[in-house]
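Okay, here we've got a single chain as structure tokens, the form predicted alone, with questions on binding and movement later.
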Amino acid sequence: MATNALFQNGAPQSQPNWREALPTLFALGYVAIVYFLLHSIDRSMLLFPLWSSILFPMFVISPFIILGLKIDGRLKVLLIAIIGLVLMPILGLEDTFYLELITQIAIFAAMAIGLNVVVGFAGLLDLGYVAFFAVGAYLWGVFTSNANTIVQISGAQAAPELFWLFLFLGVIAAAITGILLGLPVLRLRGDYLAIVTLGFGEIIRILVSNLSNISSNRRTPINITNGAQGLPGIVGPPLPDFLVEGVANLTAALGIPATNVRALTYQLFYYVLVLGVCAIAALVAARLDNSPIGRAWTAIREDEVAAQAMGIPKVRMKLLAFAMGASFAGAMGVIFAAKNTFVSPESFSFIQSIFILAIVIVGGMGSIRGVILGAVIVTLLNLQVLKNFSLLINSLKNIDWVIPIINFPIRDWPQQLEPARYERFVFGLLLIIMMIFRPSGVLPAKRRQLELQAAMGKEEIPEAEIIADVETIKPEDLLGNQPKEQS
């Protein structure tokens, strides 16, 4: 009996336990090794740009690796929380560039989640998405900037304590703007919809550029947005003294020299705030995708005529998609203005909309996890990898390094070929590669991947996957118990 207890089917009982523990051990070992290596490099090293461009992306994608392993869900949440709330802040205290970088990733991730609702869920191509970002930024900027605007002259400036109220108002204002955009384009699809939304984004940018004086009387100008000069001196929310003291004690305990503790506290505050808003956006988007509203968006994306024939209120669903997608950008706009203390029309150009759309395409349209990973990939390429390679070339020029084998002196490397100058070229090349080899994205949504496989005819979709996917859809999910509505 003892032998039967220890051995079953010719194998020891302890062997499956070790196999079950391997993913957990791998996750812990991966995070520990990468963090130790990243912690051991410093900016005085010659090859710091190279090692930083390798190790920091490996550390940032560790949550995605953990999510992909067969580990208990509660342990996954615990590991990701330790990475995001303990290891990353400590790393950011030692080098504030990392903290700024991960904050930018979270900002773009939250905006990409909003655009994913419009493009990925509802199938509505929006090329003017940055307009909603501008609405939130200028809402807080106009009421708190020290520029000579009508708000400052009249003494109607908002107190810094009202930041949380304006964060909520930014969501509402952007959602209303999204509805105003959606009303004229309800009957448009495809290229026509893209052109109209592109024009809407340019209208918002030109509008804030020309609202520096709307008065017909030269003696009494009415300046609202300060025009092309932008809004300087935007204030952030006040921080309690115990937070500043806590950061000061933490840096002292870690042996990290901090010249400006208050500025460092604000960086940590915005990091936690943006991370929290990004998590809320992902949760809301996931709940919407698995709700009757998400099913209705899917039906509209696939076939508007068939969806409307099934009783889905097309007008209401499209307007809801524009409003929900815009609301995430509005919240991030308020945070962006408070964090940067300055906004200008150049911050909301058309290329920013393309940048966010590239994140959605690279990550995978319709996939929330894929969109966040797309934000990591595209933002790191833009803000770290390409710039670090340019810094590495300049560092090697200072020591007259010669490339082996070809014996090419690095000092002769032309300045016009520095990697930092080719950001848009790399993005374009990345999009081309994705469309050819991975059109569904790096981490595509399952339903989207099945649709692309069926459309391209590459391989037959397993019948079990189709049945499993269809069985989750109920008639009341598509109809949403709503009466038929004519658009």
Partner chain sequence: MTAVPNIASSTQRSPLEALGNWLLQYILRPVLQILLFVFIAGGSISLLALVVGFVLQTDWHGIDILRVPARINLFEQVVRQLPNMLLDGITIGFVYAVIALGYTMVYGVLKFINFAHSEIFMVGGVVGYEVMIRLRAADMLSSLSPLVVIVLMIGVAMVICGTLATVVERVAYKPLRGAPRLVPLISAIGVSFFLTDFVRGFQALNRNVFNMPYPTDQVTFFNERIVLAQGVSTTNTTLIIIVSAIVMLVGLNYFVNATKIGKGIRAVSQDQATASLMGINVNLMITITFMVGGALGGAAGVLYGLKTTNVTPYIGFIPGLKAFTAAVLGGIGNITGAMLGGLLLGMLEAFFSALLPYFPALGLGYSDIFAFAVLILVLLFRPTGLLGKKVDEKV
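Numbering follows the first chain given and starts at 1. Being a predicted model, the structure only gives us computed values, none of them experimental.
If you look for the form predicted in complex with its partner chain, you will not find it shown, but the lines that follow are about it.
The partner is not drawn, yet in the predicted bound form one stretch among 130-138, 394-402, 255-263, 185-193 has residues with heavy atoms inside 4.5 Å of its partner chain: 185-193. Across the proposed site, R218, I361 and R421 without exception bring a heavy atom within 4.5 Å of its partner chain in the predicted bound form. The closest heavy atom approach of N407 to its partner chain in the predicted bound form falls outside 4.5 Å. Using a 4.5 angstroms threshold between heavy atoms, G29 stays clear of its partner chain in the predicted bound form. Its partner chain in the predicted bound form is approached by N210, whose closest heavy atom lies within 4.5 angstroms of it. Its partner chain is not drawn, but in the predicted bound form it has a heavy atom within 4.5 Å of G123.
Site annotation in the predicted bound form: the residue of I354, A282, L93, L381 reaching within 4.5 Å of its partner chain with a heavy atom is I354.
Only one of L431, I41, V442, I54 lies close to its partner chain in the predicted bound form, with a heavy atom inside 4.5 Å, and it is L431.
Shown here without its partner chain, the chain has no residue in 250-270 lying with a heavy atom within 4.5 Å of that partner in the predicted bound form.
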